[in-house]
Each structure stands twice: as structure tokens, then as C-alpha cells.
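Given as C-alpha cells, the chain that follows is alone and in the form predicted alone.
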Amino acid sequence: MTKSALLLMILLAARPARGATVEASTLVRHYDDGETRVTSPSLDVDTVFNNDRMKFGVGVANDILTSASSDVRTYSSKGQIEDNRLEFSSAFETAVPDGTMGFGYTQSDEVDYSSRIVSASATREFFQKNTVIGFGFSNGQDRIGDASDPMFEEPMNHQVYSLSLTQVLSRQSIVQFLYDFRVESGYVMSPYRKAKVKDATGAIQPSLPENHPRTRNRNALAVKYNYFSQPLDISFATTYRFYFDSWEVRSHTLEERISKEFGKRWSLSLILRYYMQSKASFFQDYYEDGNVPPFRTGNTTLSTYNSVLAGLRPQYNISSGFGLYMKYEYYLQTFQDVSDAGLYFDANDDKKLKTNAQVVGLGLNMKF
């Protein structure tokens, strides 16, 4: 689908029908860790109609990437890579007796990767809407290519099954329990990443293409608790998430989001997040030449590491239907068992891998 067709659909969605409410938001986000830079403009338009019983939304996003990361410097002769990803999404939701039902579609395309995802969801309300059960399902079909080999193409399929329970505890608090089960099958790896290899003496050997299992089952359990303190006039949103999968990766995430309004114009949100993860069963920083296991990886996110994120999001409401907001986030990843190989055939420049990044965003909300 062309960019002009995407914009046309957005404009059609934004054209208000009688009695409809339209809300549009745009955001330009820039990520920079000193080696990789990603600029991501996006536009989302939602319209509510039929006496607020139906909602339709479309969105378009573009990721413009330039990277000279440690992997690129180590394995690529170019020293720097560039990529461009265009994503289009649409979603429809309608009220049904004692609940809702929704459908969605997302497509994403870049030079060497394409993805198509269809989804469906539903909710059911109980006890005067104080208890809500949610169900969700999505099915994705991905095609993975190699920019250096036009004949290379591999499929990767994924399905996600979701279940949630939301319970109103009081006028000031609400709790939600969530479970996601994701199944991946096919080419669950990258044609670009390499596994590092050493021999028994510690001498570095030629790297090998990574090879992952062809299936991966992922589980995620989460609990969210939202509370509004009337004496402080502050909202607290606390989230804990536990993740485990069939590759023996385990992770814990704890997040706190604190929000406060200052009069009718200003609001400010503070975000703090801590993440810790154990490595996949087949992950090694360097594999031993002559004893390389059937499954090997160059993916640093399958290692043992932890990360910290701190962010601020101020917003200024110019009017009841027009607001400006920005976001700033600082992100730090500390790896326990991964080295930055630097020059691949020189072990002397190896050092522990650490990544810190800054994310800056500027956005606009409109409602009419």
C-alpha cells in the first residue's frame, strides 16, 4: 500500500460523521544511543460515532534508522547500515450487550522484512461493570529477507492469545491481571547476526551464522494496580510483569508511573522502570571451536542483563481540544555475559557491553 493511500484512509477516517468525535495525535520520536539513531514520526486518528458505541482508528508510522552498532562494526564491511520501515494499522471496536468486540489489522514493510497481523478482541462486563474479562487473539505472517541476497526469504509465523481480568476496587483504585501466550514458528532469527567463536587457546575463529530453534513459546503474566490519591491529587500506576519462555529466558519488570495535573493547562508524568533477565539456554558470548552446539546466537537480548529507564512527559493543554506534549527518556542496559567484540579478530579490545540511550519525543493532540 502506498503512502498516499494510507494518508487518504486517515483523512477519510478523520472526516467527522454527524454526531462523531474525532481525535488525532501525532508524535515525532528520536532514539539515540551514540551508535544507533532512529527517528519515528507517527500519526493516529480515531473517531467515535453511533452514540459513542463504535470506534474506528487508523495510524501510520515511519522508522528511519541509521546504525553503526557494535554488531555492525564487527561483522559488516559497510561500517554503517540504513533502513526505513513503514507501518500502517487500523482498528474497529463496537459495543455489544455487556461488553465490546473489536478487530484490527497491521502491516509493516521494510527492505528485508514484511509483516501482516490480524487481530480480534472482546470484553464481557459483570457486576454493574465493576468486573471486566477480556479476550484477545492475533495471527501474524512475517517474511524475512536479506538485503545482500535477493533470493533469500524465510517465513516466521506468530500467534498471540490474551486473557485479562479487570476489577474496580473502589472509586480511587483498580486492579488488572493479564496473561499473554505467544507462539512463534519458522525463521526465528536474523540472517545478519553472527555467533562468536574461539578455539581452546582463546584464539578467535571465523564467526558463524546464528541458528535458533524453529519454535519459541512465550508466556507473560502481569498485574497492574492504579490508585488515585485525593489528598495529594496524584495518580499512581504500578505494574509488575513476569516472563518465561521455552528457551529458558526469564525476566522480571517493575514499573511505576506517577501523574499529576497542575490546574487545567499543565500535567506531568514520571516513569521509572527496572528490568532484569536471565539468558537463553543456548546463549554463549563465545562458542568453543570444535564443540559448537546445534543452536547458537549472536543476539545480545538473549543474554543475562538488566536495564533501567527513567522518563518525563509534560503536557500543556492550549484548549479543551488541543494539547502539546513532549517526552524524554533515559535508558541504560548493563550486560553481564556479553562483550563488545570491537575488531572481531582482536580479543584485546573486548570489553563488557553496556548501552545507554536517550529518547526525545514531541507530540500534538487534537480533538474535534
Partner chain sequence: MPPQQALFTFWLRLVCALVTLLTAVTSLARTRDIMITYGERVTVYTGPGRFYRPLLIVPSGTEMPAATSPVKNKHGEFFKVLVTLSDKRKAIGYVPVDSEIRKKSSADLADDMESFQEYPLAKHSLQATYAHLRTERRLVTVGYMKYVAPGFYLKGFAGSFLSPGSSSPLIGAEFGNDALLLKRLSGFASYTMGVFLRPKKDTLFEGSKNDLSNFLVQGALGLRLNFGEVASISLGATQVALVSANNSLVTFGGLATLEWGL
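Here the structure is a predicted model, which means the values were calculated and not measured. Numbering follows the first chain given and starts at 1.
What comes next is about the form predicted in complex with the partner chain, which is not displayed.
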key: Of Glu184, Glu255, Glu93, Asp285, the one that lies within 4.5 Å of the partner chain in the model of the complex (heavy atoms)   = Glu184
request  = Using heavy atoms only and a 4.5 Å cut-off, determine which of Ser207, Gln277, Ser115, Thr123 is in contact with the partner chain in the model of the complex.
outcome  = Thr123
ask   = Okay, which stretch from 139 to 147, 193 to 201, 168 to 176, 258 to 266 lines the partner chain in the model of the complex, with non-hydrogen atoms inside 4.5 Å?
value = 139 to 147
message = At 4.5 Å between heavy atoms, is Phe152 in contact with the partner chain in the model of the complex?
response = no
Partner proximity in the model of the complex: Asn157 to the partner chain, non-hydrogen atom cutoff 4.5 Å = yes
ask   = Can Arg53 be called a contact residue for the partner chain in the model of the complex at 4.5 Å between heavy atoms?
value = yes
key: Any non-hydrogen atom of Phe228 within 4.5 angstroms of the partner chain in the model of the complex   = no
